[in-house]
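Read the single chain below, which is given as structure tokens and is the form predicted alone.
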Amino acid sequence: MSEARPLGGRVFTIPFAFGVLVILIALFYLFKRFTLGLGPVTGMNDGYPWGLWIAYDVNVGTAFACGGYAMAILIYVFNKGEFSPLLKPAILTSMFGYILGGVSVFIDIGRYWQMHNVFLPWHANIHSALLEVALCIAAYCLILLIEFSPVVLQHFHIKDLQKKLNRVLFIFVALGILLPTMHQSSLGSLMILAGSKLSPLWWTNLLPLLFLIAALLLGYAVVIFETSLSGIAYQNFEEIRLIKKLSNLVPWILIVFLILRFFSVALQGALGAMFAGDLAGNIFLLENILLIAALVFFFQAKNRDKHSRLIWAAFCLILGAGLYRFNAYITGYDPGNGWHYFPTFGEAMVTLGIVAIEVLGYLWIVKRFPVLALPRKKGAE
């Protein structure tokens, strides 16, 4: 039997100290960004109005954070309550990913001091895909905080408020399924507007659907990857059993994604472009080789019974699906007129700092709050 309880143990370790160092370096470059502007810190320009902070931190990062969304669909829509032990850590990952994704938007905006105008209806551009994404992500961050609050209430033994919240939690669960469906597809809709500037290897009217499916795949892949590692480390055989069952679902979603992906490229008459030998063609082949490798791993029953191979399958899927979304924003995008973009060291360090905050924050919370479903201690009732 397992129970949700704090992991315990030391928080400040050598890897933790290294993460703090990365965060301090990121803060230095953030100080430069907010005092000197975007130009001295980033590689962005008039041809590439966004770079690593949007393409990865928001576009890919929020998709990595779709574990809570993906598990909520499985548990509450398809009534698979047996997967409930995997939900709390997935929501925690989603909470960090989405909140820091929102912070990345704030960092990336040139006139950041006017960001509040997004939330003022009289300044809203109701025809903008970016407006819908901004409002949905902001609302979803609040929803995730509410969905995770029972863990905090349980930790501090505030039982009355926890009971009252549980009565209305289904409303927030429903919103927590609706909002990511809207903004994850809208992140794809945004690149439809790029038209001929986006390579036909990525441009398609199916971008909203493909981005949504990719978010689901990344959500499940991150849950499988994280839970496999923790399950092995803490001998939690219940979680390992659930992950094996979850891995039966993933390849079927991946097959749908690959069929739609190659159908959309064929519809553009661009199948030959993948063998052109240029950056776009080579990176297209790489992302799909990773996805097909993940499919082969997941489909073989003997791989699902070996934890190390299941971790590799999830890792290939994370890289492949993450690369797809990144490529659609950066690698496959060419504004013409000789514009080029490559992230600077400062941009990369800010992104690594955001990742470090997610990892260190996750570790601190699971060690102090009842998030992970761990085997019951001997002698516990």
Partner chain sequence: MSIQRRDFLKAALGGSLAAAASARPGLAASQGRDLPPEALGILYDSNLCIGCQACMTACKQANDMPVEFSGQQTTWDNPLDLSAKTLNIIKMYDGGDTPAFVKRQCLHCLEPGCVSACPVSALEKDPKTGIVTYDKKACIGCRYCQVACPYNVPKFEWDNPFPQIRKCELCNHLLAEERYAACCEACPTGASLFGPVKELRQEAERRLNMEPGQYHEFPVNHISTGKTQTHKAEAYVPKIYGADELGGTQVMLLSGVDFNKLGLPEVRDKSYVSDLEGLSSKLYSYMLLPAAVFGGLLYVAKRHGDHE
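All of these numbers come straight from a predicted model, not from anything done at the bench. Positions refer to the first chain, counted from 1.
This next part talks about the form predicted in complex with the partner chain, which is not shown.
Checked against the partner chain in the predicted bound form, the residues 156, 252, 262, 112 give one hit for a heavy atom within 4.5 Å, which is 112. A heavy atom within 4.5 Å of the partner chain in the predicted bound form is found for one listed residue only; from 308, 248, 282, 117, this is 117. Heavy atoms within 4.5 Å of the partner chain in the predicted bound form map, among the stretches 224 to 232, 254 to 262, 282 to 290, 183 to 191, onto 183 to 191 alone.
Though the partner is left out of this view, residue 211 does not reach within 4.5 Å of the partner chain in the predicted bound form, counting heavy atoms only. Proximity of residue 270 to the partner chain in the predicted bound form falls outside the 4.5 Å heavy atom cutoff.
The partner chain is not drawn, but in the predicted bound form it has a heavy atom within 4.5 Å of residue 121. At the 4.5 Å threshold, heavy atoms of residue 87 reach the partner chain in the predicted bound form. The candidate site formed by 217, 330 and 374 is entirely out of contact with the partner chain in the predicted bound form, as no residue has a non-hydrogen atom within 4.5 angstroms of it. Residues are counted as partner-facing when one of their heavy atoms sits within 4.5 Å of the partner chain in the predicted bound form; in 273 to 297 not one qualifies.
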